[in-house]
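Just one chain follows, in the form predicted on its own, and it is written as structure tokens.
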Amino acid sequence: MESKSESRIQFLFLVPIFILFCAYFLPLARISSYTVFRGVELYDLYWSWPEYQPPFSGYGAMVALLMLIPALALVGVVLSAIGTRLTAPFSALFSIFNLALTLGLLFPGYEPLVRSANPAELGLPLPRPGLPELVGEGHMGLGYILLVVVSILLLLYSLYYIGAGGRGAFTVSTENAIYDSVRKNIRQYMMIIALLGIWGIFYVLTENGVFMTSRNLSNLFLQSASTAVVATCVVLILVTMNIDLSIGSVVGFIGAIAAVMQTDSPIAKWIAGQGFSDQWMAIFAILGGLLIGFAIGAWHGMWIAYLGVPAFIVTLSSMMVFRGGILAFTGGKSIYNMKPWFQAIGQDYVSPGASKWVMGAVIILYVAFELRRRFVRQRYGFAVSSWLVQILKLAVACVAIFIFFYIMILYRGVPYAWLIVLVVMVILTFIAEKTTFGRHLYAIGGNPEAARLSGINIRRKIMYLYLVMGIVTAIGGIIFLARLNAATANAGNGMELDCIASAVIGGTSLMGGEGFIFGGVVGALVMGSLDNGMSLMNLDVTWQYIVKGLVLLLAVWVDMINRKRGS
């Protein structure tokens, strides 16, 4: 009789095989250099193979075998995804093949392979045998160690699975725990899979896969920063069944004020006349923008929370009022040339070396936070996942963080704007999940009458929420202005729709009571990816609007289906 674990996805095979697939495929797509050979070299060899036509011996045989690994790994991914009995024996043979190929590079016997190749004909430098050379010269680095370790783990688990007939206690308990975790967090996983799927589609559709180059992805992150930072707070707005239609106008209005405070205007001249340097003028512009955002949030909160006017009407009114304010401050003209310190917020990058330290700090803080949460849950008697599942979760998250930072490090480093996005996301996540205020917001959205009867001061909470929204929108406006280095009359047009769409695509329900801060950021990347990818394909703007509208409609439809299933 076939066991339950054999009739569904076999995650303990799927994950390591997929890692090996990425380790070999990504360099072939000129995305990563962590492979057996340098990414660019392997890319040139792989796609220009008919031109080189080396003999099927020596180095030519080695590269020919390398060409097979992504295809074999893809077969393993499919087998483990459909949960067939062939997965274990195939995985064992695949891991042995991969180990033979990678470990063979360590031994002196590899020397003839190098000598038999013709570097002049290939036009490429060749790696030399030996672990110090392979790792130290950058030909393999961490990627080589990853390939070997993952292959060994895959081989050991395959042998265990075959020996236990797929019914070993380790297999059953771990797969069930993984399934429980996936079931509880299906929406978060689905939006990440959707983002990766969109990236894969645009990689195929754009010329020479330019969408997936580190430069384009880094620019994509930078272009999405202002939307991402505002979407984090839009999540909380939608959670309480409210809305903010003034985002685009407020972003443009705050940008106009910040621009006026730095350029040739009476305000800027007065600040400069007091002896303040350009750096201080930039700081004053930032503080002024935040103060205006706070005031706008107070204005919205007063009308919505205390005067009882629907949020739709209040923010629709503000959308028109502040659009007029933009025209008043800019005179219908563009204001250029912000101060260098201000421009750095939206245009400059942390150096690649410093970005690596930032990446390490983020990974350490994430692991520490997750372990602390586990220990706190254990202390109070709540159920926790097994250590293996916990380690797998941490490993997957750390790999995702590593990829996020590595993409940008490959180009110029982490943009300052995304450091701001990460800080805002962490703060709002803490507020939403760890504070009484955040839990009250979810209670208000889930059942307002029950929240009122339980003693929650709904008016005060909504007021505070719109104050936070005003500040976060101001941050988005500052990033937007700094990136463009210009305040224009149409700045922020349609941005409110992008932010709301980002929150909904990221898993926030329009029915209230459910949403994830991290989901808003991922949703912003989805919207930014659609814009970026379709622009690279030179699609007419008409089709861009159509596609984005259909994606939003699909996201709401999926939300409704999930709610019906849940009820």
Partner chain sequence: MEYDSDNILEMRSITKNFPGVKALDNVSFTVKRGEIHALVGENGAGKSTLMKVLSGVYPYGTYDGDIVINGQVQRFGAIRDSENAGVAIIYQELTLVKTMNICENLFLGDEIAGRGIINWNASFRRAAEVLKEVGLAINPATKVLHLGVGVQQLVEIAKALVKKTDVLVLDEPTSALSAEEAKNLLDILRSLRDRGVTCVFISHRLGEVMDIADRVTVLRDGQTVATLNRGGFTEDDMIARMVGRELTELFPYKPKRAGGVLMEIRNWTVVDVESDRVVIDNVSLTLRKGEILGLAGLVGAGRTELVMSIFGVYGRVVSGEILLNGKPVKVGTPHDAINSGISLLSEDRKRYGLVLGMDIKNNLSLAALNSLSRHGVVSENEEILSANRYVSSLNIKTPSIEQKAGNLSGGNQQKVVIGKWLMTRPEVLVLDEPTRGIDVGAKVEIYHIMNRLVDDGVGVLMISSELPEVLGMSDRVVVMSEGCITGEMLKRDASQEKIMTFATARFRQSKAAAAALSGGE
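Positions refer to the first chain, counted from 1. Treat the numbers as computed from the prediction; the structure is a model and nothing was measured.
One more form of this protein, predicted in complex with the partner chain, exists but is not displayed; see below.
Comparing 299 to 307, 211 to 219, 474 to 482, 432 to 440 against the partner chain in the predicted bound form, the single stretch with non-hydrogen atoms within 4.5 angstroms of it is 432 to 440. Contact annotation for E449: at least one heavy atom lies within 4.5 Å of the partner chain in the predicted bound form.
Mapping the unseen interface onto this chain, Q274 falls outside it, with no heavy atom inside 4.5 Å of the partner chain in the predicted bound form. Residue contact check for R459: none of its heavy atoms lie within 4.5 Å of the partner chain in the predicted bound form. Not displayed here, the partner chain is approached by Y380 to within 4.5 Å at the level of heavy atoms in the predicted bound form. Of the listed positions (P266, G353, G455, G332), a single one reaches within 4.5 angstroms of the partner chain by any non-hydrogen atom in the predicted bound form, namely G455. Residue-level contacts in the predicted bound form: of V376, I391, I193, A328, one residue has a heavy atom within 4.5 Å of the partner chain, and it is V376.
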